[in-house]
Structures are given as structure tokens and as C-alpha cells.
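Read the single chain below, which is given as C-alpha cells and is the form predicted on its own.
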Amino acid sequence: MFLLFCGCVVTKEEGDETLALGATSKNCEGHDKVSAPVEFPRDGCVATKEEGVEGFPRDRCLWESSRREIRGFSFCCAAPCRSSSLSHPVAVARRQLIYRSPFLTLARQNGVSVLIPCVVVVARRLYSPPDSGKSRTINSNRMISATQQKIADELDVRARKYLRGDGANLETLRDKKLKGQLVNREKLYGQSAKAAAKAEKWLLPSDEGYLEPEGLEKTWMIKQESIVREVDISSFRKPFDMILPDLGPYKLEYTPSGRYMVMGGRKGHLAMIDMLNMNLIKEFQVRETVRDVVFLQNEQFFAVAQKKYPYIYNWRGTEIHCLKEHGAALKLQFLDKHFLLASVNKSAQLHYQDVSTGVIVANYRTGLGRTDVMQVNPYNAVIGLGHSAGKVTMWKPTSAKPLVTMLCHFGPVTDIAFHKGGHLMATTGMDHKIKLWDIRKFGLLHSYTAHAQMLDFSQKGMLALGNKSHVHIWRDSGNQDYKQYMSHEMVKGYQLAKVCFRPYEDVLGIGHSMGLSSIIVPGAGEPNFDSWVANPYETKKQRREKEVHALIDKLQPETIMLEPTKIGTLKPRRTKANPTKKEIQEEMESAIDAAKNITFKKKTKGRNKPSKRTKKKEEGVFKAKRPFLEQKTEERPFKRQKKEEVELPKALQRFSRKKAQ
């Protein structure tokens, strides 16, 4: 029996246990025996008609049904079919196979190459044919089970990183209703993790790139000119140099999707660029010092730290708000899950403002002097500040004191950066040290002797270091030990202002005193984007819906903490509860009885008198009762002593308070 389906011919021979339409099978190559096809013009589907095999109309089409049975076989679809784009003569003519993948087949017909999309259909035997050998069937089943087990093990490994921490311990929970709800929730968490693992394995089309040296060649010796000559046309446009010598140095920031970039020159030049099409959206001059720029919830709004106050502009360059409460801000950060704009000003004051309501959530003095080093941890939304005394402090809006204070350097901290996972922090200081810290235990992992003025982590964990006119990229070589991966030299005399990786692209943006530059860093960006999180190609309608959903799902400032996995978990049961009065009384009586039953050693004459033994027993009883008596006095409420009334002179009596009658 052979089937003709969507331009692919697949034969069935005795003993075969699995078939893949469009997969690499020797039965598909060069097969010229084709029966008369049955054509259905409603859907363009083609199927062979033989003994017991019927064509499927549209409402019972193979790829639209999750499971159909044909002569002892069950068919399950794994991909959509677009058979309407096929020509039926191509499907029934003999083809010379050139290339085949699970979703596409490239064949040659009459000297013309034809690209045929196909459906991946897996057929599984429901019963063994009477004339097939039993041993061959058993061996095939074993091979299938081994393959399935291998795939299941791989999916389990992939699903671990999508789990929401360890499951809650429900054994000690007495409430049956709550226990059932939590069991169902844990089950849903497991199912979502497995679905995400399957999507990662089968649907993510791309892998991250990298530089592979040959022989004694080193990756950090490869120049940008060599890389640009080897990349594709779309990547060829990404590296550029924008020379703006009069208004620098420049700071830059990308949107979470990596499509838009806002740049701000120190002398008041602001511009917004569509990096996908390389189009200038808006450019204007504020005629004031610009210290920092940052995007808000999307590309429609961005905040600028200017000379006196931070300002908020829209994409047309129109001023929307002037945030006078923040003062002369030196650094800005935006917490996208909480809609909070954080700033630190010249007076070392840390401000949090909700941009959706305009309310100042918190305002704290750091107490460690002026600083312009601030970065947000993407894992838990905790703000990290670097200070001139070599300390790094971590803040949240509901605490007037820092959550953590770490002595990281023996000199001023020049910059800090957080890894995407949130558990790794990189710091650099004026003591010419670059250090990597494990935030989970606040311990030092590695220390390197090097100098850098700015740091930034990429989505895949690469670390960019900028110093004067030199840019270095480090890569994890294993066990979070970073080694040099690439280096780039700017034109002599250029002073770097900021380095920033572009999301979902192998690109590093560099702001310097003479304008803006962009270089290619293979393997820096995440190759597959999630359209629900960040979509570079989102439409106007999708952007509006996403903004509404983000406002509905906005997290409160109280959810910011060092360990966000504790949110939604059960409060641990207290190991020791407060004892009752009866238990205290029984414990005291048992202690007194133990003190009375103490036997003393017999001593020499004169030292073993009954009076002395009685006195020692009384002292032992008093020592046993003393902790219980002290506990009682601590529990008693403090009673205010009544002040003695002093009679005032007649001249002052009119100023005293009259007693309420």
C-alpha cells in the first residue's frame, strides 16, 4: 500500500512500524509507482484510492484530525499543511529527490526544481500483519520505545528550567480544600513547563552563533572587518558608525524587543531610531544637559534626565511631564513589571514614581554620598547602587534602609551589571578589579585584574567592558569563569560613554564622545523571541493590547524582594509555640522536684551540718524557680506610676489643665 499526500509519495512495506511522510525514508526516494489519485477541489488534497483506502474530504482531512484510522494505522499530524499551493501533476509525476527536511521537500521534475511543503505524519501500527515475523515486530517496538524514552528524558531536562522553583510541601497542610487547590496548581505548573520544553525543542528554529577559531587562532584576534565579510545581508547592515562630533558623548537605550533605540547627547541632542529599518523617527534639541535616557513601558514614551529635572517625552518629541520631585537626576531606571521609574539625584536621594498613576511611591536618602551608578536586577526588580566608598547597596521601595550592603572594592565603584538570571552580579572599581558575585550567598566567585568604566550583560551571558576607547567582550568558559572572547578598538581619542547589548540581536551598541557605533558580537543575543514577551514586529493593535494587559497585570511595590519565589508559598509552621500557663506551672514544679531530690556528698565533720544542707536545697529550689518568675514579670503589662500632684501657685493655676469632672 502506498499513500500520496500533499505531493509526497510514501510506501508501506510489511514489517515497517513507523512511517514519516516527507521524512528521510528510502521508500520515498525515486518511487515511480503511483496509483490514480483522488482529487478533492474543495481543499486541494490528494490521496490514493486502493483496496480499502478512501480519500478524505475537507471535514475529515488527515491533517485536520488529531487521530484517524486507515486499515490498521493511526495517523497523527505534527505540522499544518498548505496543499492548496501544490500542483497535482507534480504530485503524480515521477520526481528526482534533491533535498528533504521534515517540513520541505525539494525535487526535480522535467528539469525544473519544485519546492513542496509537506505534513509530517507519523503512522503507528495498531496490529501486526499476519504474514510479518514476530521477532522483527518486537525489535521495531524496542527501537521505538528507546527513542521515545530518549526524547522524554531530554524534555525532562529542558522542563527543569521552566519550573517555578520547588513544589510546596503539602503534607503538613490540614485544610483539604486549600490542599486540593494547591495540588491542581502544582499540576498546571508542571504541564506548562513541559509545554514550554516541547516548544523549545520542536518550534524554536535557531541556535545562537559563535566564533570558532582554527588551530592557534584566538577569537579575540578576529576583527570586525573579517566578521562583516562573512555574515548574511541582513547582518551586514547592523554594524555602523554614526559620527556626531559636536553634541556628544552619547548615552543610548534599546526597547525590550530590540527594535527601537533612543540616544541622548550630553549637550541636549535627542533622537529615536527604528533599528529594523534604520529609519530616523524623531530628532530634536532640548538645549540643556542630558545625563541619561531610558524607555518606559514601550517605544511611545521615554524619560530623559536633564539639567534640573527628569522629563518624559513621547515618540513625536512632545514634552508630556516634568518630574520636579526627583530633582537633578543623574541616573534613571524603569521597572517594567511594576511601572516604576527609579532615579538617583545629586543629593543621593533614591526616588520611585509610578508612571501609571503619577504617585511618588518612595523617597529615601542613601546616606553614602553622591553616586551615578545604578542598575536594576531583571530577576527581582531590586535596585543596585554603587558608592564611592566601594560599597554596593540593594534597595526596594518598601524599605527605608538597604536590603544588602556589600563591600565590593577598596575604592569607588564605577559600574555594576546584573545577569539575566539574576544570580550573578559584576562590579568594577577604581582599584582596577573586576569581580563576579553570587547574589544568592553574597559571595565572591572570581576576581580579575583589569580596569573598566562600564559593564553590560547580554541575553546569553556575555559581559561587555568599556574603558576609554577599548571595548572587550568576555564569555563564560565554564563554572562562571569568564575569559576574553572579542575585542574592539575605537578610533584613538574616542571616549566611551556607554556600552549596551541589543536584545535578540548579536549586536553591541557603543556610545562615545564622537557619536554612536555598533559592532557584531556572534552569540550575544537570544536567537528566538517570544511574541508574548517582546515582539519586534508587533502591530499597533498588538501594542495597545499588550499595554492594557501590562497595566492589568501590574505588580505592586510590595512584591519586590530579594527572593521573589517566596511569593505565593505557604508560611512555614512555627516550631515552638508559646506555652500555656498550665504547661509553665507543670514545668516549674518538675524543676523544683528535681532540685529537692538532689543528693549531696558527705563531707568532713563540721561541713555536713543539716542546716547547711537545707540551705543548699533552698538555693537550688530558688535557682530552679528563678527563670519562670522572670518570665512572668516580663509578660506583665507595665503600669504607669501615678505622678504626685503638686499644688501650683495661684498665679500659675489658671494655666494648668482642669480635671474632667
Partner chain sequence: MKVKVISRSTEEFTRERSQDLQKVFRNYDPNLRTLEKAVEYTRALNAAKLEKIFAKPFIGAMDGHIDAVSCMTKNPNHLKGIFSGSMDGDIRLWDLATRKTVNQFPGHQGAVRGLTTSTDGDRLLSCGTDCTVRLWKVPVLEMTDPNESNEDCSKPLAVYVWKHAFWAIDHQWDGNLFATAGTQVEIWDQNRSEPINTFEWGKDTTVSVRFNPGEPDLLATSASDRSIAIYDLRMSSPARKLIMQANEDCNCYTYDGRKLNEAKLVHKDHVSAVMDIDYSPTGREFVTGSYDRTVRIFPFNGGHSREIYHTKRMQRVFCVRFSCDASYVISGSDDTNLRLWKAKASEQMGVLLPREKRKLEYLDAVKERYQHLTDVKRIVRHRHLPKPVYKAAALRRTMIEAENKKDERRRAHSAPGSIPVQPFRKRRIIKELE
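Worth saying up front: this structure is predicted, and the values here are computed from it rather than measured. Definition used throughout: the rigid core is the maximal C-alpha set that superposes within 1.5 Å between two forms. Numbering follows the first chain given and starts at 1.
Omitted from view is the form predicted in complex with its partner chain, to which the following refers.
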Fill in the blank from the handout: Per contact check vs its partner chain in the predicted bound form (non-hydrogen atom within 4.5 angstroms), the hit among 405 to 413, 386 to 394, 580 to 588, 231 to 239 is 231 to 239
Practice task
Evaluate residue 564 for contact with its partner chain in the predicted bound form, applying a 4.5 angstroms cut-off between non-hydrogen atoms, and reply yes or no.
Solution key: yes
Exercise for the section: Indicate whether residue 451 is a 4.5 Å heavy atom neighbour of its partner chain in the predicted bound form. Expected result: no
Exercise for the section: Would you check, heavy atoms only and a 4.5 Å threshold, whether residue 381 touches its partner chain in the predicted bound form? Expected result: yes
Handout entry: its partner chain contact in the predicted bound form: residue 531, any heavy atom under 4.5 Å
Key = yes
Handout entry: Candidate from 226, 357, 479, 184 lying within 4.5 Å of its partner chain in the predicted bound form - any heavy atom
Key = 226
Problem - The unique member of 169, 569, 363, 398 whose heavy atoms fall within 4.5 Å of its partner chain in the predicted bound form - result: 569
Exercise for the section: Using heavy atoms and a 4.5 Å cut-off, decide whether 199, 209 and 527 all contact its partner chain in the predicted bound form. Expected result: yes
Fill in the blank from the handout: Within 496 to 512, the residues having any heavy atom within 4.5 Å of its partner chain in the predicted bound form are 504, 505, 506
Practice task
Determine whether the C-alpha of residue 391 shifts by 2 Å or more between the shown form and the other one once the rigid core is superposed.
Solution key: no
Practice task
Determine, after fitting the two forms on their core, whether residue 193 shows a C-alpha shift of 2 Å or more between the shown form and the other one.
Solution key: yes
Exercise for the section: Answer yes if the Cα of residue 157 shifts by 2 angstroms or more between the shown form and the other one on a rigid-core superposition, and no otherwise. Expected result: yes
